[in-house]
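Two forms of the same protein chain are encoded below as structure tokens; each is given separately, as structure 1 and structure 2.
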Structure 1
């Protein structure tokens, strides 16, 4: 009898302990790509975002509940009346992951490091285009005094801009502006990002292990100022480059989430409530039309191409992932005073499905009635399975709706991009993902002479409006100017806009408190595993 009671008690204790045990605050998440580096000053590679977003923090960051901009390392800041000088006050007692103090001097060092040619900072332009004296400093003609970055004391950082760019704060959320520690960078050169003990960080997590090609393990950083709010103890980012394998591992319960999964499985996973997380991306898929080459220098021809495309069919039948039809470059997401940039915007004469009659009429007006006399359209793309399907669908739409001949060609990205930059194309696959949440991340793509204007579109009126918007300090007024600039260009159809993308990932419902932003970054600072 006593034996039985003992057994019963043991069983109860066992059940009790299982029921009471809090879930382990650990997360295993699959990534399909390895980044080209882990140095926040150097890389612009989006594959680095899962790491850099969670192990570093800049002056400003995002609120993980609603995505609004909030103080990060800076506890507060003031902007001068002319909109040119930003004075940040850093939090008290900030520390690096090795326990040493983090001061405004570290920020100053980081800016100067970015402005050193040997660093080869890929986002260099975000400093040189905006900060006073930065370009000169980079070119070797400037000086410490003339550079618009100053650290008068340990907790004050002053940035001086060339023009009042009211959106510079959103640029400052990017990882490029996370501080790096001078001591470790100088002691280890560009290998400081290779080992956990030399990879000194300042964010909610730090790296416990770098297993090249296999995984990166993050653990909670006890030195982080807001460490009390960080709940996850360990995050294992496992590289599973094959998204089909990642999906199997997810469905077999071996991992908690995956950044990617095969697009063909989207509908099934969504229907079975398997944990598809979806967020509208601030990114647009479009095709470059060579505005400098006949017959594509004729806006009517470009309009005809735009009208001939059935965007809904492309989204539903070809890419099979959530996206919104796009009639212009800038997608929804940027909000001022509760009004989205795209609210009440015109369709610029385009429709979600193909407008065959309109397309043919535009082509006839351009001098090619029923497609007669129109040269064979060269449609090019970079080697990629999904894009191949889109290109084939586009070619069929052009052939059928415009009665023109289409020739498809593809190349590796490295060769392809060189050709696009050199203007050796007619219609070519392209796209743009926002660097920061502001229309200004898109507008320069059509500005005369901008390095990223690959279509050769040039409209002085547009250029003037963009410049005007860049120095307008009132956000509402700036929005109006940007809208004007956008419709001015959209009515000339410089691009073949197809759709605004959405970011998707797989994550189990038990993982909560994370923030998945417009660029596909996953903020895990406040994430936790629910019971």
Structure 2
């Protein structure tokens, strides 16, 4: 073989090896909102879900191929015959991202931390409503011995419920029940989530960098028990608040996906097969109405607002993505014995398009004929270009159909949500994506005293029905009770329900192996970049 031929063959081998080199396992994904926090025991903010579902894992989790419930940190579990006691056996050798052992005592600490008032856990009710002795513990009248959470050894966790709740296992998939490390929390207080060195996690990824207002960078967690199946080496979540800017970055090849994009580009992107991912959602877009503030404490005023809205126009002309008009809080998706929860349900006097005559009649009955004497309605929203368009459309509908004045205000999410929680609003953009596939993920939003009841609605009969449904073991009977509860509240119009939404995002075809659940959370444990 001549030297020239040998060099040629060597060059061809080099070229071939470059051509066959595996693509970099790195993903850049745009988010339109920065979350209010990264503490899984505290936040209920869906904007935190891309992070929390990928850096933490609880006792049970989801199969990323079909969405079924599978073991997470727990390798197995048993449920007592009376449905009250859940005994979990943790996987052997679990570790935190700092390499230290993760045991059942970490889960015990996490439950107790949620039950500490100073934690201000937004999903507190998911412990106090269900776990034996939890409410008393939270109130300071209970004890460790009476609390239905025990860790008899490093690999065993025992949960005891107050009453049977057949769906409680699905509640445990929520990030709220991800363990947090006692040492790092106690050493750093509420600042433990602010730095990668103190943000100790247990999921498939860990945080490499927090870049305030710009991005969060995740890298593969080598201490994760299933690390061999994790293919992505790096995930960069970039904050691009303007969805049009995010789309430009996507089409320029700067990012691999985006949680949002301009609705008027939906048809074009779908037609060009540009990477629109759409999944059915168990989620409702609604606006909070402050039931505790006059004149919105009057159900007739709330009814007038609901009747004045043209939901079809909002869907077709504003959001321009798949959705269904919503007349009450709970959307389609929960099925028992082949019957969907919403099948045969009333529209509660509402219609898909605006009922102007009915809206004006309700407002007149409330004491404001033709809008006379009605104070200027304060309509508020958090920074988001799509929501801005919805708010502007709603303001026009209220002005035209009710003959009232409307003022629009806008704040960044963190400030906005603080005001919502404090009751400093009148009508405000909100919504809820299911935390688990059951109507009970929605019903507590209107239960008296619940941390997530931000509208001030209170009806003792409704509360009693919700509590009755929580402990009903017959799914058919439970659904009937929940339907009664929903009907009772819907007839008092505590919310301005707009539409049941689908989950949509942009993601390049080369990104494969991800799971996108009904709440809009994206799981990247088994995702990879294909050639």
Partner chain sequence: MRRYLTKRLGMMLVTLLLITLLTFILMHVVPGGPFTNDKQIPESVLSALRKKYKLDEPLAVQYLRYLGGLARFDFGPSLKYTGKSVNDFIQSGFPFSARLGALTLVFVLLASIPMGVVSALRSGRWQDALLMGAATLGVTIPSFVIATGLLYIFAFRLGWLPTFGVAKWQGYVLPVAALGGYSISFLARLTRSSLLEVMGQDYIRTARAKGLRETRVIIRHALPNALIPVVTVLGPTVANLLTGSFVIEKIFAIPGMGAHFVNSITQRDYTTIMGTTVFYATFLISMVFIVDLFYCLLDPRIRLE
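It should be emphasised that the depicted structure is a prediction, and the values quoted were computed from it without experimental measurement. Positions refer to the first chain, counted from 1. We call the rigid core whatever largest set of C-alpha positions still superposes within 1.5 Å between the two forms.
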Do you think the form predicted on its own is shown as structure 1, or as structure 2?
2
Considering the rigid-body rotation between the two structures, state which of 110, 401, 501, 27 is located at the hinge.
501
Angle through which the smaller rigid unit swings between the two structures, given in whole degrees
28
Core-referenced Cα shift (Å), residue 479, between the two structures
5.5
